[in-house]
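Next up: a single chain in structure tokens, the form predicted on its own.
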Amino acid sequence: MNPSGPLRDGETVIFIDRKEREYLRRLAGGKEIKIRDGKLAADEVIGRDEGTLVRSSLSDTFLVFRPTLAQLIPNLPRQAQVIYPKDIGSIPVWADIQPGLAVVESGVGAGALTVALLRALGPSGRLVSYELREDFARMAKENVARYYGAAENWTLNLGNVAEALAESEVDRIILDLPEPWQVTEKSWAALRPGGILLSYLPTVIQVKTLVDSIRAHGGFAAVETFETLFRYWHIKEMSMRPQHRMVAHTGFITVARRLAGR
């Protein structure tokens, strides 16, 4: 979903102010858009090109663009913390997500990773998601529909993946769960030989428990765990330095390959 040309009625856009703060809004013809304490008419934005400078009723100026995935993720409506863009950027690479694969995801939350997986899988791939909480599942459906679009190749199941996982011969399993070791055996049974199991966890204790479970199982190999650190740099005239704040630890990614036999 990457339209080009003038901005359209109903599209989601990102407004960026002079301090580079971002505001995710939806264009609705005939309506006003509220940003900070000011307002501007959506009709003044609809039909304009991306990168246009617009002005609010308080004379604040904003650049308007269609949001990238990295801009969309932290601004998604949510009830729980989303996975950071730096981690979502790593997951499709380390899980080797590509068009045409069959993927199972569990722990949908606001649907940020779901959108990234759908984009990487393309229309020829298949994504089956499990979410335990009904309110999270409802929000994920709304976010996918609004910020990705129709996804006929996506199935969202409400339930505990540790009990309900029934797929077989899938290519990848992605777990964003507090206790993924409860799904070790079912993941092995669901994956094809050579398939990839990937887990996202926030603490070292959880990672240690998961890796111990994977190794004790005996059906996986090539187990790796890593984290990503992300830091912007400040560049102005003759000055160049790292910014004082950085996105350091957010979570650990663990990957493993399913063996042919056990």
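Numbers for residues come from their place in the sequence shown, where the first is 1. Remember, it's a predicted structure, so these values are computed and weren't measured experimentally.
Note that the form predicted together with a small molecule isn't included here; everything after this is about it.
Among the candidate stretches 118 to 126, 92 to 100, 153 to 161, 185 to 193, which one is within 4.5 Å of the small molecule in the model of the complex when only heavy atoms are counted? Heavy atoms within 4.5 Å of the small molecule in the model of the complex occur in 153 to 161.
Position in contact with the small molecule when the complex is considered in the model of the complex, options 167, 87, 171, 176, heavy atoms within 4.5 Å: Partner contact (heavy atom, 4.5 Å) among the options: 176.
Residue 133: heavy atom within 4.5 Å of the small molecule in the model of the complex? Heavy-atom contact with the small molecule at 4.5 Å: present for residue 133.
Is there a heavy atom of residue 113 no more than 4.5 Å from a heavy atom of the small molecule in the model of the complex? Flag for residue 113 set to yes.
Check whether residue 108 has any heavy atom within 4.5 Å of a heavy atom of the small molecule in the model of the complex, and answer yes or no. Yes, residue 108 sits close enough to the small molecule in the model of the complex that at least one of its heavy atoms falls within 4.5 Å.
Contact with the small molecule in the model of the complex for residue 83, defined as at least one heavy atom pair within 4.5 Å: yes or no? It does: once the small molecule is placed as it appears in the model of the complex, residue 83 has a heavy atom within 4.5 Å of it.
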